[in-house]
Every structure is written in structure tokens, then in C-alpha cells.
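In the block that follows, a single chain appears as C-alpha cells, in the form predicted on its own.
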């Protein structure tokens, strides 16, 4: 398990330990897990996993779950992002593919960010749909590069079940995701003049999918999302969040201001999404036997009830005046 101290790393490791399906669960990270867990071994490693080759040989692990891909540029430098997403993935694959490795399965938690967002997009991206434009942000470029190495590994090592899961926006009461956290704070970044159709998946559904994949040894790329899309305005209205306006012409200035004031994190990669939205086709995972617990609307409704319960009325945040 990579990124053990991260939100997804620890939650996933805990789930796998509690399943009882594994003799040993080993988590690697530069810092220890947030709490001790019986049945989980922690091994210190740098974020590029330069020592992973020795660990894979010594422990003879047969399954690697890679949840530690950075999916938001809000609080990380470009250099650190590249080291984690690209160099870390390269080292992980190198360790898994070395002579004498016992690895038979690799599961990677990725993102639908890899498709981008534009006015030329299809209604729903399939797993093989190309992007309409070249990536505009560093995080998209890093994900594309990481997945290119993953695809190359899959072609070179066909005996390893390598599964890439592309998730959309994740919402839930505890998930560390930019849109989810903004809604909990009672605000919703809105690009003026746009109301995109979005997809969401509940944080518990993410764990359910990872558990399904590790138990069924799936290979290939899979989009993961509940059925349907929903207007962004419906999401923040249900959550009783106040719209936080962003000018499409001066988005960088607005997002820097909001982050500096501690109101909301709106990294650059979210701006296009909040203009054009995105839809991903989830049929491939359904055909593999997975049954979704919630549609997009149901996931939003459950989360909105929680977010709205945190306040009796919309927060009184003064909307900033237009910057001229």
C-alpha cells in the first residue's frame, strides 16, 4: 500500500486488513499512519519509493495498491507533484517488474482529470476516448505521463493483473477533496456564466470499488462513477452553500485570493471543470460485475444532507466585488 499516511492510503489499508483476505498488509510512506492498526506493518520510504525494490523482494508481496497519486495542485509544488506522480510510479513499476518479483496484481487509483474538460468533449468519455486538447495543467500532464508508464508495464508484463481506476469528483464528510471541503465550509466556487454537468462518487464507494477489484483481479482501465450527471448549481443549492464567483477572464487572480483568505482551494485544474463539466462512461466496470451503491444524484443527496446539517442557513460570506 503506497501513501499509507494519506487519506486514501490508510483507509484502503484498513479495509484490506479488516477483510482478512491477506496474510500481510504492508504500508509505505515517509511518515507513519495516523493511528496504529493491528495487522498492518509500516515501512518508512521516501515519496519517490526509491527503496521499494528491496521491500518487494524481502516481503514477497503479490499485490500492490497504489493510491498515492496527487490529484490536486492546491497545496503542493510542481516538483513534488512530479516526484510523487511520475518518479514514484516509475519506481513502483520497476520494483514490481524486477527479476524474482512475486507481484501478480497492481491496482492504481487514478482520476478522470486525465480526460480534461472542454467544449469539444463527448457527453461521456469511454476508457479509450482521446482528449480534445493537449493538457493545460501540470497535474494533468503528470497523470498522463504516469499512466503512459503504467500502460507500457501492462504490455511488457501481461502476467500481472494491472488495473487503473479513474474516479471523478469524490464527496463525503471526511474526504480531503477540494470541492467536497469547499461545500462543507459552506461555499461553492462558480465560474460566472457557467453551470456544468458533473459526476460524483461517494467516498465509501471508492473503497468498495478498490475492494472489488483486488478481490477479482481485474486488468485494464476502468471509469468509476455513479450513473448520471447533475448541474453544479443543484449540488451547492442542496448543500446550502453560497456561490463563490470566479471571473472566467481572471480566474487565477480570484482563486489565489480565495486560497490566501482561507475561503476555498480552487486549483487551476478545477477551472475548466467548473466551466465545461465532464462525464465518464461507467459501463465497463458494470460489465465486469460491479454494482454501484449510488447514482451521482444519490451520492450528492446523501452528502448534501450532511453538509446542510452543519448550518441552519447559508453562511454570510460577502461576495467579492469585481476586480477591474
Partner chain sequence: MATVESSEGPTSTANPSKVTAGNESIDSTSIDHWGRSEDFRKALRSAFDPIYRYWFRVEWEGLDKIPKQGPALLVANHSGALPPDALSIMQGIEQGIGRPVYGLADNLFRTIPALNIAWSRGGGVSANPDNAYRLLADEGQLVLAFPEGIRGPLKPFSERYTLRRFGRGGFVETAMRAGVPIIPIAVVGAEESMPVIARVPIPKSQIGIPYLPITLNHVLFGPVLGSVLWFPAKIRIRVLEPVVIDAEPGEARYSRSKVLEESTKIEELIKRAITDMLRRRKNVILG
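Please read all numbers here as calculations on a predicted model, not as lab measurements. Numbering follows the first chain given and starts at 1.
Below, we refer to the form predicted together with the partner chain, which is not included among the displayed structures.
Undergrad: Is there a non-hydrogen atom of residue 276 within 4.5 angstroms of a non-hydrogen atom of the partner chain in the predicted complex?
TA: Flag for residue 276 set to yes.
Undergrad: Answer with yes or no whether residue 174 is in contact with the partner chain in the predicted complex, where contact means some heavy atom within 4.5 Å.
TA: Looking in the predicted complex, residue contacts with the partner chain do not include residue 174, since no heavy atom lies within 4.5 Å.
Undergrad: Does residue 77 make contact with the partner chain in the predicted complex, using a 4.5 Å heavy atom cut-off?
TA: Taking the distances in the predicted complex, the answer for residue 77 is no, it never comes within 4.5 Å of the partner chain.
Undergrad: Can you work out whether residue 229 and the partner chain are in contact in the predicted complex, taking contact to mean some heavy atom pair no more than 4.5 Å apart?
TA: Residue 229: yes, in contact with the partner chain in the predicted complex.
Undergrad: Report whether all of 121, 194 and 248 sit within 4.5 Å of the partner chain in the predicted complex, measuring from non-hydrogen atoms.
TA: Checked in the predicted complex: all three residues contact the partner chain.
Undergrad: Let me know the one among 268, 286, 256, 44 whose heavy atoms come within 4.5 Å of the partner chain in the predicted complex, would you?
TA: The residue in contact is 286.
Undergrad: Report the stretch among 194-202, 100-108, 78-86, 174-182 that approaches the partner chain in the predicted complex to within 4.5 Å, counting heavy atoms only.
TA: Stretch 194-202 is the one.
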